[in-house]
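This document starts with one chain, in the form predicted on its own, laid out as C-alpha cells.
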C-alpha cells in the first residue's frame, strides 16, 4: 500500500514535469540526430511528397536511399536525381497494398542494399468520391494501400530494427484523419485507421531502446494527388508546399518527435472536437468550405 500511495503522489508530478519539458523543447533548439549511416526506405517515393522526402533525406546526409512505388518512370527519375546529388539510391517496383509483394521486395532490399534503419510509409491514394458513387474495388484499394500497406512494411522491417536496437518508423498521415470531409470517405477512413495504427505502435515501442516513431499530420498539400481541391479562404488556409512537409518530417526524425501537425494550428481541431457540439462543427465545415472542397477534385487516383 505504501508503494501504491507514493506512486499516486508521484504521478501528477511526472505529468507536470513532462508537460513542461515538452514546452521547453518547443521553445529551445533540440539536438539533432546525425543521419550519416542511415538507410532510408520511402514508399511512394517517386513523386509528390515522396520525391521531396528523398531530396531532403539526401540533403541531410542519409547514407542510402531506397524508393518504392508502382510507377517505374517516376521512381527512375527520382533515383537518378538523388544519385547525381552524390547519395546512393535504389528503386524497386512494389505495391504496398500487396502483402506478398512487400515481403518479397523487402527480402530483396536486404540482400541487395542492406538493413533499412528508417522506414517512411508515405504511399497513399485517394478515390475522391462519395460512398454511393464509389466503386467497391476503388474503396478496397484505398484501404489496402493507405492502411494495410503500413502493416506489411512495418512487419517486414521492424524486427531487424528491434534486433539492432536502432530504427525509426515514419508515417505521412493527414489532418483528415482527425477532421474528415465529404467526398473523400475512402481516404479519411484509411487515414484514421493509419493514425490509430501509429498511435498503438508508438506506445508499443516505449520499452524498445533505439527504435522510435514519427507521425506527420499535414493540412492539404499542393501536389497532384489533391489537384482541384478548393477551400473557401485560400489566403487564410493556403495549401502546404511539399518541400515544407518533407523538411519538417526529416527534422522530426532527427529530433525524435512523435507527432507533427502542419501547420501547428491544426492542433486546434483536436481541441474544438473535444467540446463543441456536432451542429457547431458542421457550421465550421460549411463556413470554411471544407464541406464542399472536394466538389472540384481532379486529383490523381
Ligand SMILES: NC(=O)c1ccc[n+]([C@@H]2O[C@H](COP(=O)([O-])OP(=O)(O)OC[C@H]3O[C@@H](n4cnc5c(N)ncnc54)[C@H](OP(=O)(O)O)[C@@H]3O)[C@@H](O)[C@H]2O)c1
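Positions refer to the first chain, counted from 1. These numbers come from a predicted model, not from an experiment.
One more form of this protein exists, namely the form predicted in complex with the ligand; it is left out here, but the text below deals with it.
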(message) Within 4.5 Å, heavy atoms only, one stretch in 212 to 220, 158 to 166, 196 to 204, 109 to 117 touches the ligand in the predicted complex. Which?
(response) 212 to 220
(message) Within 4.5 Å, heavy atoms only: does residue 97 come near the ligand in the predicted complex?
(response) yes
(message) With the partner left out here, check for me: in the predicted complex, does some heavy atom of residue 40 sit within 4.5 Å of the ligand?
(response) no
(message) I'd like to know whether residue 55 contacts the ligand in the predicted complex, with contact meaning heavy atoms within 4.5 angstroms.
(response) no
(message) Whether residue 254 contacts the ligand in the predicted complex should be assessed with a 4.5 Å heavy atom distance threshold; does it?
(response) no
(message) Considering non-hydrogen atoms and a 4.5 Å limit, which listed residue (145, 170, 82, 181) is close to the ligand in the predicted complex?
(response) 145
(request) Could you list which residues of 189 to 216 come within 4.5 Å of the ligand in the predicted complex, counting heavy atoms only? (result) 191
